[in-house]
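To begin, one chain is listed below as structure tokens, in the form predicted alone.
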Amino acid sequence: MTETVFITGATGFLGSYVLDLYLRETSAKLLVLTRAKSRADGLEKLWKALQLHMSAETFWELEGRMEIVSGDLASPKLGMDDATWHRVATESESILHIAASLNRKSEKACLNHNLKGTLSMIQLARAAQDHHGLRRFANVSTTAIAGKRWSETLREDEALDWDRSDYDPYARTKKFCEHMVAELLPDVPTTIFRPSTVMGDSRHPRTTQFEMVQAFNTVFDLPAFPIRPTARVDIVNADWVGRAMFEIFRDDAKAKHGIYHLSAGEASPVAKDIAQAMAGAGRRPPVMVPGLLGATQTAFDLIAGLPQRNALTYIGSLFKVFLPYITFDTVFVNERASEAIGRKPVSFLEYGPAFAEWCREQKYRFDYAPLPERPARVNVGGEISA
């Protein structure tokens, strides 16, 4: 029997990986929440996300499997009218909540999208469960819920500590989202996915997400950087994360645990090896001076706060956000997910240098192609209008 799946965040970076796999490897009916005013607008957004994974011809062949639900994560009832809300609640057999605000600097954005949005998703899941019973509700969180750490190795059940301070509003709100899921859906099979630093695809160098790789490239262009040479950096390839989310969510036999770290785990490379690999293109790796960490963080914070907005303040903003995550030398054990899908992530040392070089060459921009006209032989898909 074909399952009906409600997905948020499908137009985002990680969500596009899961959506691509659902379209290619299942016959599921997909209800896709998008901030679209019409089906045409929704298709444009989906094509923008999926062109990293497929040709326009393939997109048009598969688009009829997606029903666009126009809405907004931060609005009451996800921006749906009562009829649409009721239909989604009564038709959805499983719910995968990926969407979130990744704005680590804005508490307002994180509160509105992460907390309010997840609460609305939980309410939808509650209605579906009470109506017919949900097969599964999954929420994509982050390893950042572990809070401020230093040189630790954490398993899933060790990571969340309410006595720990958080690095930013993103981590703080995602921590509470996990709490809401546990408290408000006790009778629903739930899964929490916690990705670590997701950067690059092991199969090809292309990406549509550039902030973290630009921060890393800047690091390895500096003459010195405040990190211990032996500090572990937990970077995981997006294709493995997408595969793990897809397989564990859709296959109850693989979902043996409530929480999964989607991370490089104990195989995380150390800073000196990353620096050496990145220097393979003729660049000299930076001298690593961990004693400068405090002064460096202060300097980047000051640069980010300058009134003028230019390339320098942009780099300052990047490091204000990402420096703690680059230098905290903490990894998240991934044995549960690796065992569930029968494969481990690919080391960043293998694909990272080519990926980073491609991003430099592209000037940290993806050349999006417009959606071509629908071929005459392709049937028009359905739509849910809100």
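Predicted model, so just to flag it, every value in this text is computed and none were measured. Residue numbers here begin at 1 and follow the sequence given.
If you look for the form predicted together with a small molecule, you will not find it shown, but the lines that follow are about it.
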(request) With the small molecule left out of view, choose which of S92, T173, S196, S268 has a non-hydrogen atom within 4.5 angstroms of it in the predicted bound form. (result) S196
(message) Can you work out which of D239, E156, E178, D72 has a heavy atom no more than 4.5 Å from the small molecule in the predicted bound form?
(response) D72
(message) Based on heavy atom distances of 4.5 Å or less, which listed stretch (137-145, 246-254, 311-319, 216-224) is in contact with the small molecule in the predicted bound form?
(response) 137-145
(message) Would you classify V18 as touching the small molecule in the predicted bound form, given a 4.5 Å non-hydrogen atom cut-off?
(response) no
(request) Decide whether L371 counts as a contact residue for the small molecule in the predicted bound form under a heavy atom distance cut-off of 4.5 Å. (result) no
(message) Although the partner isn't part of this model, could you tell me whether L14 comes within 4.5 Å of the small molecule in the predicted bound form, counting any heavy atom of the residue?
(response) yes
(message) Quick check on T296: any heavy atom within 4.5 Å of the small molecule in the predicted bound form?
(response) no
